[in-house]
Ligand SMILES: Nc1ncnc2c1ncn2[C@@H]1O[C@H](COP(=O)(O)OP(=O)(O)OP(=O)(O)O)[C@@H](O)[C@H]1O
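Take a look at this one chain, the form predicted on its own, written out in structure tokens.
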């Protein structure tokens, strides 16, 4: 696509590939920044969503999250799903059981694009019902731009696993209430809630990575809710808070 070859100056502003040093980093860079992803980044840059893309906040098998700046100098989080390494079978299972999506394809890029749209819609629905998650800004193809969770200097918030928790009981109460709101009001189950997918900002939790979140009539919803509850009990047991799975489930479902 000729647009990319003519956009070298803009791409140099928004991409951090020049930072890639080792062979392994170059391989990862080529997996993340394939041609279609570069085209999408260029489009998002043209619309002011991304002006500068800095280093990675987190890296995973399926996606990398980068810290960026929009055209107004505000920090944003830019989540880029990799087409080459995503677990398409898992994605299909979660998407095809969701009545909001009618994806009838084995095309990997289309599945990833639907997955990104799913995360955008889950974040939006959660926020509309008062659950603290990053504000979704825009989703296009395999890229999701959302609110950056961190301080004014651009330092990202710590995941719960690594954060200092000043009041574990209060934190658990807040999180159980969020799961309760998701279940009863937003009609969603997170599906992968753990101390790896919760950020701590100003001693308050922010739930992240809700791409696999499912609606209640999804065939996996109860199984995933039980897994979320188990993960919470295990995480807080390590913090000295002893609560049973049945107690949390009763609080969530008996409302």
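Residue numbers count along the first chain shown, from 1. Not measured: the values here are computed from a predicted model.
A second form of this protein, the form predicted together with the named molecule, is not displayed here; the remarks below concern that form.
Engineer: Thinking of the named molecule in the model of the complex, which stretch from 47 to 55, 33 to 41, 225 to 233, 201 to 209 has heavy atoms inside 4.5 Å of it?
Structural biologist: Selected stretch: 201 to 209.
Engineer: Decide if the three candidate residues 60, 65 and 197 all line the named molecule in the model of the complex, where lining means a heavy atom within 4.5 Å.
Structural biologist: The answer is yes: all three residues contact the partner (heavy atom, 4.5 Å cut-off).
Engineer: Look up in the model of the complex whether residue 134 has a non-hydrogen atom within 4.5 angstroms of the named molecule, and give yes or no.
Structural biologist: Yes, contact at 4.5 Å.
Engineer: State yes or no: in the model of the complex, is some non-hydrogen atom of residue 149 no more than 4.5 angstroms from a non-hydrogen atom of the named molecule?
Structural biologist: Judged by the heavy-atom cut-off of 4.5 Å, residue 149 is in contact with the named molecule in the model of the complex.
Engineer: Residue 163: heavy atom within 4.5 Å of the named molecule in the model of the complex?
Structural biologist: No, no contact at 4.5 Å.
Engineer: Wondering, does residue 159 line up within 4.5 Å of the named molecule in the model of the complex on heavy atoms?
Structural biologist: Residue-level check for residue 159: yes, a contact with the named molecule.
Engineer: Which one of 77, 114, 172, 143 is close to the named molecule in the model of the complex, taking close to mean a heavy atom within 4.5 Å?
Structural biologist: Here the answer is residue option 77.
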